[in-house]
Ligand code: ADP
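First, one chain by itself in structure tokens, the form predicted on its own.
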């Protein structure tokens, strides 16, 4: 944080600039199965982030020399639309999108049962329509739901959230201003039972702050998981209701 940012106030009356407590997530909305031509898809709003994930496969690998004899390969493509940020982004992949594609794939791959589909590929496409800090965590959350929607066998879901340090205080799920001017940002991804598959950090925290921030981020992941789970259950309950409509209830016998 530079000298010009030293006087920025991140808290007012004990609350953050957007009215949240330090340990509170941004509003989270998840919709499942929004793309008819994808095998699985998900739309997520995580604060100001708006992200779509689509999954295709398992399907044949092209080019074929990329095939793995004993398992499917997983390809993850993260992309930010040119209009997703205030200052128009140059279209196409860049160094950051390659990095986030790699770490996001590595966060999801440990739970995917790739051995079920040798010589195949599972393609995951994540498109950021609107960015507001934490796009990698929003993308991982959307991709995990899209994989489940596609029926890809997995050991468990993956949920992702970040913790940060702003104004000397630890916060959960930093928004744009906190991410831009804060002292640290630590995104993680984990399974519901607490196995961490992604942990990165930009900035500086003490050993004690790191432990507290990790506990805070893990708690955020568990909250995200409940929303992911509910979104999937709601979708398939709706599908079941459409396939098997409620039968007419027999009329009660008239009491004479």
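Nothing here was measured: the structure is a model prediction, and the numbers come from that model. Residue numbers count along the first chain shown, from 1.
Below, we turn to the form predicted in complex with the ligand, even though it does not appear here.
This chain appears without its partner; in the predicted complex, the one residue of 156, 120, 169, 180 with a heavy atom within 4.5 Å of the ligand is 180. Only one of the listed residues (186, 74, 148, 133) places a non-hydrogen atom within 4.5 angstroms of the ligand in the predicted complex, and that residue is 133. For a residue to qualify, one of its non-hydrogen atoms must sit within 4.5 Å of the ligand in the predicted complex; none of 163, 195 and 211 qualifies. In the predicted complex, at least one heavy atom of residue 89 sits within 4.5 Å of a heavy atom of the ligand. Contact check for residue 176: a heavy atom falls within 4.5 Å of the ligand in the predicted complex. Within 4.5 Å of some heavy atom of the ligand in the predicted complex lies at least one heavy atom of residue 96. In the predicted complex, no heavy atom of residue 152 sits within 4.5 Å of the ligand.
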